[in-house]
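Below you will find one chain, with nothing else, as structure tokens; this is the form predicted on its own, and questions on how it binds or moves follow later.
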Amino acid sequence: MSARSRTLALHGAVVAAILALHFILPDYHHGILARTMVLAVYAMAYNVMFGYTGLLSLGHALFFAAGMYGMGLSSIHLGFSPGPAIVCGVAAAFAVSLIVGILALRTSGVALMIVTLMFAQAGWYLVLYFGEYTRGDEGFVIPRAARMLAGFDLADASNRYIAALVLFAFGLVVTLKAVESRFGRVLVAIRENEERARMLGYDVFRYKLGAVVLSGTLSGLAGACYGILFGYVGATFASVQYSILPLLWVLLGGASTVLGPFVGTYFMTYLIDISSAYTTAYMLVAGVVLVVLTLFARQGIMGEVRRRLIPWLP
């Protein structure tokens, strides 16, 4: 069996296993897995920019929130149904990521990290400033009637899980296609040695901009779908917390691996859920676990699996 066939079989098996869990998981864990799948797509998007291109961003909450608010505002104020509302969210994220990419990529390294953080903070302040429309910190709920897509009630737990699985499968396909394509290989070349990639004749700025736009647009899709599936849009999702979280998920799961973001998101979600039942300092527990993993599994969970067991893992 070729490496590509094994790759497709592995990722297809993961999707099939998650589908099977739909029928056997208790309600509580069923809901957690649905939420994890949506957030994992956000982590996959972050991984395109950080794991494969080597661009450290601390402003990805801006793209996630652009998708979420593009969907939410068009749904609430313009009366759009879920399909057109999600398209509005994705379009907003695309526009924002294009503008931010063109401006932020004039810098690199620590400066890029700071610039992306400043853009994200500006987006968060805009959400608060235009509270008349966004409801500021309080946020707003998407009515159940506005969450009907092609006759399916996305507020229903079963429909929400299936929709999240479809989104997750789409995120896997997009990421796999991107990293296995010429575009993805050039991104890895830029990450490894930007000057050498430039000497080989590649337009480094154009490829990096493509990575930012792809990452930002996919993040916006995750944000739009999160808002419509869980019925809430709030300023928390535009805060710096939601820029740090995808970085942690990717580091835990394994940067530059396709399944790593999902594994990291799932692991962190349950780590916080379980530890919060015993202590209010649950983020301290998460921090200690992250330090231990960084010391003894530097490539993350799936990165170590690839290094030790499955060398063909993308």
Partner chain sequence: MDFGPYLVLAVLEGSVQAAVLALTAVGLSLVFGVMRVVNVAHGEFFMLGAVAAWAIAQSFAGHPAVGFIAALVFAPLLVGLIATGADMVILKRLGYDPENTIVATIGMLYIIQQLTLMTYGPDARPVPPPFNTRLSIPWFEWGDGGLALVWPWGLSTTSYKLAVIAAAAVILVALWLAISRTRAGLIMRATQQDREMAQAFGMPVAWVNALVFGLGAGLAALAAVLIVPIQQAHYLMGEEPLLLSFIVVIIGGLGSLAGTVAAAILIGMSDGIISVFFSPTLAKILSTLLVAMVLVFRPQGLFGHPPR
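In this text, rigid core is short for the largest set of C-alphas that superpose within 1.5 Å between two forms. Because the structure is a prediction, the values reported are computed rather than measured. Residue numbers count along the first chain shown, from 1.
Just so you know, the form predicted in complex with the partner chain exists too; it's not on screen, but the next bit is about it.
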property: Contact at 7, 140 and 158 by the partner chain in the predicted complex, all three, heavy atom at most 4.5 Å; result: no
property: Partner-facing stretch of 239-247, 144-152, 159-167, 80-88, counted where any non-hydrogen atom is within 4.5 angstroms of the partner chain in the predicted complex; result: 239-247
property: In the predicted complex, the one of 259, 268, 33, 251 near the partner chain [non-hydrogen atom within 4.5 angstroms]; result: 251
property: Exercise: residue 111 in contact with the partner chain in the predicted complex, heavy atom 4.5 Å; result: yes
property: Residue 177, heavy atom within 4.5 angstroms of the partner chain in the predicted complex; result: no
property: The partner chain contact at residue 23 in the predicted complex, heavy atom, 4.5 Å; result: no
property: Touches the partner chain in the predicted complex: residue 129 (any heavy atom, 4.5 Å); result: yes
property: Residues of 272-307 having any heavy atom within 4.5 Å of the partner chain in the predicted complex, listed in sequence order; result: 279, 280, 281, 282, 283, 284, 287, 288, 290, 291, 294, 295, 296, 298
property: After fitting the core, residue 56 CA displacement of 2 Å or more between the shown form and the other one; result: no
property: Large Cα shift (2 Å or above) at residue 282 between the shown form and the other one, core-fitted; result: yes
